[in-house]
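Heads up, the chain shows up twice below as structure tokens, two forms, tagged structure 1 and structure 2.
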Structure 1
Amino acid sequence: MKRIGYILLYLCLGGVALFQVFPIIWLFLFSLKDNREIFAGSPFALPSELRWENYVKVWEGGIGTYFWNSIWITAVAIILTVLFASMVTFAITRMKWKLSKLVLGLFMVGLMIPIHSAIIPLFSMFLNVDLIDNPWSIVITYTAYNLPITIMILLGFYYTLPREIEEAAIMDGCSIHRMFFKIILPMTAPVMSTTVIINMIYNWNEFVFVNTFISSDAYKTLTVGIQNFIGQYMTDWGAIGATLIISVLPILLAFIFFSNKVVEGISASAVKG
């Protein structure tokens, strides 16, 4: 009876997994069709011919530039966010100073600020400092907006760190900066991997800020660059499908290889010692 229960459980889990994977498979098949097949045939039909030229077309159409922009903007924003958030969390949880709770409260208020409410003030600020149509405006915005959630995830883990390690390091003459970079940061690697994945998903998929602050094709990311394949009179839907597959592939690979780290990091940060 117990074995039958396990079989039913795995069948249900397999059905759920198939239901979740099906959109990716459908999008992949969609990317191998032309407009005639997409509109004349069944949306669930297999392509009559595998049109790999759709991928060649989008790559030659400039998607390589958009892909590289997404990579370096996402990477730089992640590094800055995780580094600054770790510094703030270390100062709040491991150091004693009067305004630590106030500073933490100010960062947590950032979680309640809607993204769209800040577009006009940010645009005005970047315009005054000549950062409109500059990729660093995107990096700064991503870093600032991701700091609150990153700090919140790090907090629980930092509270569990034993103070004896810090005391021993200080007794050995270790400075506060060296202790942070040589001892604390390596110890927080599990929860840092969680914040990296969460930041990567947000930065990679973000559309509003890039579409608002960036106008040059040389600085656009994948989420905005895809609009170049939408014409006024004709749209190449197969090319759009190929672009979408290329854009979701890094996120899928990151989640497949690091999903366990995400769960471990969230579990570790959920317990306060």
Structure 2
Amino acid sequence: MKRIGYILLYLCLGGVALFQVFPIIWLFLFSLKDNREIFAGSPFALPSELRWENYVKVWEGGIGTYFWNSIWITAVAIILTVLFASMVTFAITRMKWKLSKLVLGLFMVGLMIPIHSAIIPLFSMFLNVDLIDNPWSIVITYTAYNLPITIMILLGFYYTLPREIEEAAIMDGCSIHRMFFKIILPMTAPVMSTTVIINMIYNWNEFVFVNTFISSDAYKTLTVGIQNFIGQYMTDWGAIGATLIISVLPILLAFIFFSNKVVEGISASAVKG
């Protein structure tokens, strides 16, 4: 009886997994086809010939610079976001001050602004401080726009941290900064990895800001590289597929790395708990 239940359970989970994994398989097949096959054939039909030239085309399109820009902009923005968000969350959940609720409210409102109504004001602001066509405008925009969601996710975890830890640290004469960096941050490593993954996905795939604030090829990121293959009347979908596959690889690897960190962190804290 129990066995049948398990089989059913795995069938369900496996079914869901299949449903979730198929885009990557599809995308890979897609990246080896030409427009005719992509539009007319079944999505899972094998390409009639393997068009690796799609990848060559993409690579020759100068994707290397875009690649590097994507990596460093994503990384710096993640570090800033997660650090600032942790600090704010710490101050809001663990420290006592009158305006904490209000400040939290402000961050939550930040979650609600639609991107397209923000870009025009942002553009004119960056223009005034000469940050247009400067990758730092992208970094700080990513940081600011991901702070709210990062704080929201951290919040729930910070509330569950036992107070005794802080009490003990302070009794020990530990300074508050030391406590934050040496005790609190390591303890929240699992949830931090979760927010790193989420930030990474958002930053890596972000498109509207880069497109609007950056004009030099030297500062563009991978998502903009896709634009190269979208034409006025015709679009080279095979090449877009290849770009997408190339661009998803690093994030896939980083994701596997960080999600192992989640588990590591969890088992470590579970032992402690």
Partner chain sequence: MKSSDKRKGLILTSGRSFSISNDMGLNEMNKVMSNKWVITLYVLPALLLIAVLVFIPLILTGYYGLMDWDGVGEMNFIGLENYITAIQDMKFWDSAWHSFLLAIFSTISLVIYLAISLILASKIKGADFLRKIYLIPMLLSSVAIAQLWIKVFNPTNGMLNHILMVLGVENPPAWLADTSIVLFAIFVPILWQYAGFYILIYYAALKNIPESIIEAARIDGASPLQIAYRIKLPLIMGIVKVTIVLAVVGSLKYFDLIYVMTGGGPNGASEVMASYMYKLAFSSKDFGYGSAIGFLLLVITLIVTIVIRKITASKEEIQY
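For the two forms, the rigid core is made up of the largest set of C-alpha atoms that agree within 1.5 Å on superposition. Note that the structure is a prediction, hence the values are computed from the model and not measured. Numbering runs along the sequence of structure 1, starting at 1.
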Structure corresponding to the form predicted together with its partner chain: 2
Displaced residue check between structure 1 and structure 2: I246, CA, 2 Å or over, core reference: no
Core-superposed comparison between structure 1 and structure 2, F207 Cα displacement 2 Å or beyond: no
Per-residue C-alpha change between structure 1 and structure 2, G64, threshold 2 Å, rigid core fit: no
For G15, CA displacement between structure 1 and structure 2 after the core is overlaid, in Å: 5.1
